[in-house]
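Listed next as structure tokens is one chain, alone, in the form predicted alone.
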């Protein structure tokens, strides 16, 4: 089955700066796809090329198999939802949602029906007569989403759609966006720098760095099996232990051995990587000893930072709320253990 969007070797330069450097992606019909990266990674430039606001210097973009690389924005069956929402303050909710259809000169009966249907989908029909300044931040976000979806685009592009919301509302709207995308069945492509947002909402994630792809995969794949050290460090928390790679593991500077399941994928100077939640108090296939230097209570878990001879940076581990009741205190000596299968080795 052909993907709905195909990006083939796309390059975009701004003077001497290459913002997007040979990116190729295939995005499936009905997917919730996230472009994830830090500032300057090229994710927004890539989104703007999909929308038609930027033209690539090389490569091409296909939609349903048709080349749209040079197609103007108003002739592409895609819609872009901005972070600012850009609602018209003098219009009601219903008028804001209807605006795009009116510009297309759709019949009034069709406009009324489609606006009502979309406001019902985003659960705002009772607020159809209100203006944007009478709505909460989450409600304004849903109005902007309804306005983008009412035109029934083949693809909806979202540029940091939750960036203007506070942390609690952002968490609620992540699930709301995921529900709406599943309900309407339209392909969503979202740009975000928030790793948690991408993990919660997306079916697949592309991690970008300096205009290039680091990794593409499901949330579980990019979290559990990062392809590069950068991907491992960018997604979630990660402990890195430097050393020398050997068959089956890594030799630490203090002489200890960190084991990895199977053969080590690299040779020479390397780092072993392990997630904080994979480490437990007590010995394991891999074992370190050290001294607790800091505690951080987060409600659902307790984070410990343990100073060890294995690395300059403290090793971080997470204990569950139940385990936290008997957690060691600052200054106590502890033993840390984790499984070989939870270890990744990357070139230094």
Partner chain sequence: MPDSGAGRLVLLILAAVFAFLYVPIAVLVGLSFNASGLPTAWTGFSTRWYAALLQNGEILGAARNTLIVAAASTAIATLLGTALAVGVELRRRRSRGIEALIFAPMIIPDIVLAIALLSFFSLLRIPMGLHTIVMAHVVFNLAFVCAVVRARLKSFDWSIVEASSDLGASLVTTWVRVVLPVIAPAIVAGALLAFTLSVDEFIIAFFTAGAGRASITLPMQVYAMIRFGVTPEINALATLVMGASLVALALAQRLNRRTLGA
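Each form is matched to the other, and the largest set of C-alpha atoms that superpose within 1.5 Å is called the rigid core. Numbering follows the first chain given and starts at 1. This structure is a prediction, so every number in the text was calculated from the model and none was measured.
A second form of this protein, the form predicted together with its partner chain, is not displayed here; the remarks below concern that form.
The partner is absent here; in the model of the complex, the one residue of 78, 231, 165, 124 having a heavy atom within 4.5 Å of its partner chain is 78. Comment: its partner chain is not present in this chain, but in the model of the complex one of 170, 275, 209, 151 has a heavy atom within 4.5 Å of it, namely 151.
Heavy atoms within 4.5 Å of its partner chain in the model of the complex map, among the stretches 70-78, 209-217, 241-249, 185-193, onto 70-78 alone. Mapping the unseen interface onto this chain, residue 318 falls outside it, with no heavy atom inside 4.5 Å of its partner chain in the model of the complex. Although the partner is absent here, residue 147 sits close enough that one of its heavy atoms falls within 4.5 Å of its partner chain in the model of the complex. Within this chain, residue 108 is remote from the site of its partner chain in the model of the complex, having no heavy atom within 4.5 Å. Taking non-hydrogen atoms only, residue 84 approaches its partner chain to within 4.5 angstroms in the model of the complex. Contacts of stretch 93-111 with its partner chain in the model of the complex, defined by any heavy atom lying within 4.5 Å, are made by 99, 100, 102, 103, listed in sequence order.
Remark: with the core as the superposition reference, the CA shift of residue 251 between the shown form and the other one stays below 2 Å.
Once the rigid core is overlaid between the shown form and the other one, residue 103 counts among the residues whose Cα shifts by 2 Å or more. Once both forms are fitted on their rigid core, the CA atom of residue 211 lies less than 2 Å apart between the shown form and the other one.
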